[in-house]
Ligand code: GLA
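As a starting point, one isolated chain is supplied in structure tokens, in the form predicted on its own.
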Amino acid sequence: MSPAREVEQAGLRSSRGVEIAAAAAEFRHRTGLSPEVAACAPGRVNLIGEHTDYTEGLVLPCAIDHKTIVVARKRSDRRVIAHALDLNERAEFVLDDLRPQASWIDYLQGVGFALGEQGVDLPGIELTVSSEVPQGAGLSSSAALGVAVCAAWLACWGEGRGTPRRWAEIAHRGESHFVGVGCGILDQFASALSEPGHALRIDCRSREVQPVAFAGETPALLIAHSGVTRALAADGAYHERVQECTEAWAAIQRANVFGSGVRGLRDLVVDDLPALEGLLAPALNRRVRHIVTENHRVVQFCEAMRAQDWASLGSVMAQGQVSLRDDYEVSVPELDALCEIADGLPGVIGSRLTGAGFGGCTVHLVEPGNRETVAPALQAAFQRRFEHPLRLIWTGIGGGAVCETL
């Protein structure tokens, strides 16, 4: 565990003490018992590297200040009972009868499913969930929930708390294979493994992670919620993109135009793109072009961060947004407008949609001295165009998930 993670682990009570105390009080009110453990996992914003995780590519997310808190206690039977405070809902299931219910409880079932695959003899658990990560916003509320639940559950089972990589892998397995999202590892790894003050460069093939910091002053992060929500598990467009990447790679393999060193879309480089013209159907060619150029943009973005080259950061983000809009076709008018408006404001370094698209949020890097002017200007211009208010979230770059005994 890194020194930064140790500081965050030790500071769980002090930094989230009020929220944990409130969740624990609610737990006692509902059960008459005290929780045994508390886990805290953040949402994430992706700075660059969108829709590349499920093709083994490169991504660069960072954890945000908004977190999901889980307090829990082991049960003597095989039942799981969960109370979601922000939804004011109660749900339960039995570990011996896992079946999708098309609700938030599926992410808990997914954790149980994934741990069961590994032969873990889980106890039942009672838990209370309190989350400040907005749902359907592209900020990975589901990953934060899965990681926090996994950490708390394993702690109740008796496993040590210093295993954030395992929390991430279990939560990912549950979301991708039980819930059925088919997602890559980006969200869960960002929630579990991020270092305070650093973005996290993830190689989705090797699963190697590398913290990357801004040289000099860190820009402010403004997240703008478009007001358009979406659910990945139910959204056929997301699955369509995943399938299109699979079809494109199958066509490339059949054509045998590259050597054995190219094992997937991840291995293609920008210079390979002309060879794909005419080989792939137009839509598949656009999808591949996005994947290839987006992987390259992750490298460029990291270089610009280390050099404190804000002009290059803005250029890379703008190129990424155009690619997501035109080549991957996952943007919507509200997201396009937010980027267009923000990039015209003084002090905005760069803008792009963040998350899978089809709604959700944009992320804007803002020069720290311009926070007070950017937010109201963006709010006013967006509301004039779409006639509904815009939710704006200022956030710092936080650290990953932590868990402790109460």
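Here the structure is a predicted model, which means the values were calculated and not measured. Residues carry their position along the shown sequence, with the first being 1.
The same protein has a further form, the form predicted together with alpha-D-galactopyranose (GLA), not shown here; the description that follows concerns it.
S.K.: Which one, 360-368, 338-346, 62-70, 47-55, holds residues whose non-hydrogen atoms are within 4.5 Å of alpha-D-galactopyranose (GLA) in the predicted bound form?
M.R.: That would be stretch 47-55.
S.K.: Although the partner isn't part of this model, could you tell me whether G184 comes within 4.5 Å of alpha-D-galactopyranose (GLA) in the predicted bound form, counting any heavy atom of the residue?
M.R.: Answer yes; at least one heavy atom of G184 falls within 4.5 Å of alpha-D-galactopyranose (GLA) in the predicted bound form.
S.K.: So in the predicted bound form, does any heavy atom of F214 sit within 4.5 Å of alpha-D-galactopyranose (GLA)?
M.R.: No, F214 is distant from the partner.
S.K.: Answer for A38 alone: is it within 4.5 Å of alpha-D-galactopyranose (GLA) in the predicted bound form, judged on heavy atom distances?
M.R.: Flag for A38 set to no.
S.K.: Please determine whether Y238 contacts alpha-D-galactopyranose (GLA) in the predicted bound form, using a 4.5 Å cut-off between heavy atoms.
M.R.: Taking the distances in the predicted bound form, the answer for Y238 is yes, it comes within 4.5 Å of alpha-D-galactopyranose (GLA).
S.K.: So which residues in 75-108, when you check alpha-D-galactopyranose (GLA) in the predicted bound form, have a heavy atom no farther than 4.5 Å from it?
M.R.: Stretch hits: zero.
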